[in-house]
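For reference, the chain that follows is the form predicted on its own, supplied as structure tokens.
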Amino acid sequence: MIRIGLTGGIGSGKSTVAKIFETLGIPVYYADDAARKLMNADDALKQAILEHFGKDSYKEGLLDRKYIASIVFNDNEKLELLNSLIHPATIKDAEDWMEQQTAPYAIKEAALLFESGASENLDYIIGVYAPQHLRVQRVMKRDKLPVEEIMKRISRQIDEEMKMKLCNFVITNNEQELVIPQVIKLHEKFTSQNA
């Protein structure tokens, strides 16, 4: 089975592209969703978060995401620390998940594929590209965040142009080119490789 990564900056349309692949019958592992579950379900990870971020990290046994966000999004060192705890657990979980899949290929959707080192375990990486002004507009609309906050998050990721150069394939999601035909073309490529 072919292991494929799907990445792109905040607001690029990764999730939209992932949903199209799912519609085509391809299993998708959503790293952010998995990380949220693991921070509540993985005892070793919970213990490490409590150790480094204090007892207020959890309320009634569940991660207090607002509390953690208030710490890590204002302190790069704390963000790196949190990522260093979460990424190994998520990478292992994704590898276990991949081994259970029976489709011709499976996809791991993650914003930080290169930053986390998860790209090393994958056969191909698909990047979803959208110009920054569009990404900012989408995130403002979706998450109701101010521009400054979005720019702060963008600044924490690898430069988008550089990220796309690291990818094997790029899907352009600029609201001028149709996304579905681009996805179908890649789907046909991957399924024919496994035939």
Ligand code: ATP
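Position 1 is the first residue in the sequence shown; the rest follow in order. Quick caveat: nothing in here was measured; it's all calculated off a predicted structure.
What comes next is about the form predicted in complex with ligand ATP, which does not appear here.
Trainee: Evaluate residue 59 for contact with ligand ATP in the model of the complex, applying a 4.5 angstroms cut-off between non-hydrogen atoms, and reply yes or no.
Mentor: No, residue 59 stays farther than 4.5 Å from ligand ATP in the model of the complex.
Trainee: With the partner left out here, check for me: in the model of the complex, does some heavy atom of residue 182 sit within 4.5 Å of ligand ATP?
Mentor: Contact check for residue 182: no, nothing within 4.5 Å of ligand ATP in the model of the complex.
Trainee: Does ligand ATP get within 4.5 angstroms of any non-hydrogen atom of residue 142 in the model of the complex?
Mentor: Yes, residue 142 is a contact residue.
Trainee: At 4.5 Å between heavy atoms, is residue 175 in contact with ligand ATP in the model of the complex?
Mentor: Contact check for residue 175: yes, within 4.5 Å of ligand ATP in the model of the complex.
Trainee: Among 46, 156, 37, 138, which has at least one heavy atom within 4.5 Å of ligand ATP in the model of the complex?
Mentor: It is 138.
Trainee: Which residues from 8 to 26 come close to ligand ATP in the model of the complex, meaning a heavy atom within 4.5 Å?
Mentor: 9, 10, 11, 12, 13, 14, 15, 16 sit within 4.5 Å of the partner.
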